[in-house]
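To begin, one chain is listed below as structure tokens, in the form predicted alone.
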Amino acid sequence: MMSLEVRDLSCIRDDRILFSDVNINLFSGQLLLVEGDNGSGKTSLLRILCGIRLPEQGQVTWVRQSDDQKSSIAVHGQESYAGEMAFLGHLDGNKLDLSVTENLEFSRSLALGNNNTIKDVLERVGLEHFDDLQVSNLSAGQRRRLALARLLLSGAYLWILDEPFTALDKKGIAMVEREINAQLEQGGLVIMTSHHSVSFDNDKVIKLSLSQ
């Protein structure tokens, strides 16, 4: 059982309070959907939850719990947390001068152990016929699919996704929803923002609204 605990989180940018007093309890099998207008601090919140930006105030704690023990760490500066979390932002993070397979091989070398193979994830994201193609020759939607394939190879328990449907067509959006549902079914956690309406089991979804 994994959980993410957020206490009294606040963020200031350019002398303006983006949000304050944010509290979250997210457990295995749950999805946190962060909503809000442009500029409300959604991306800043995700970066804080990733541990790559410090909050003005508050604490983010990653908790592991088994039948006989419980351990927790503050996420900022902790390599162990970075290995259990995967972040997909507005930029895909692909290496344009490498092939699709080379990108995935690099990602797999950094990943936690899992049973996914490169062939498997390429089929799941619809890139099985593009394995040897240099990424610079892919379309924007195909590059997004590759970024999602890297996510599937990560073995991460927690996915933090900032607008994961960007540049995807209807089939691509359905594929992402399918993989997120699979992550939740396996006991993973997902935090995401999206301007698209999403289709998930309401019992699994927690909503957080950030307002200016």
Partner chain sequence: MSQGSLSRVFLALLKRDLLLAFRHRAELFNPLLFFVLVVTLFPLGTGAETRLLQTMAPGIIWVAALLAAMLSLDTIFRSDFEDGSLELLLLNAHPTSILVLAKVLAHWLITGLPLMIIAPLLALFLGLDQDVIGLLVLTLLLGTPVLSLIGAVAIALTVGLKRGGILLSLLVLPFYVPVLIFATNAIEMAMSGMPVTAQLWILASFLLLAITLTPWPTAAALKLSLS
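Remember, predicted model here, so these are calculated numbers, not experimental data. Residue numbers count along the first chain shown, from 1.
Although not depicted, the form predicted in complex with the partner chain is the subject of the following passage.
Listed residues Gly172, Gly29, Gly155, Gly51 were compared with the partner chain in the model of the complex; Gly51 is the one with a heavy atom within 4.5 Å.
This chain appears without its partner; in the model of the complex, the one residue of Met85, Leu138, Val125, Ile118 with a heavy atom within 4.5 Å of the partner chain is Met85. Across the proposed site, Gly93, Asp97 and Arg150 without exception bring a heavy atom within 4.5 Å of the partner chain in the model of the complex. The shortest heavy atom separation between Asp131 and the partner chain in the model of the complex exceeds 4.5 Å. In the model of the complex, the partner chain lies farther than 4.5 Å from every heavy atom of Lys42. The partner chain is not drawn, but in the model of the complex it has a heavy atom within 4.5 Å of Leu110.
Among heavy atoms of Arg144, none comes within 4.5 Å of the partner chain in the model of the complex. Annotated contact segment (heavy atom within 4.5 Å of the partner chain in the model of the complex): 51-59, selected among 163-171, 30-38, 178-186, 51-59.
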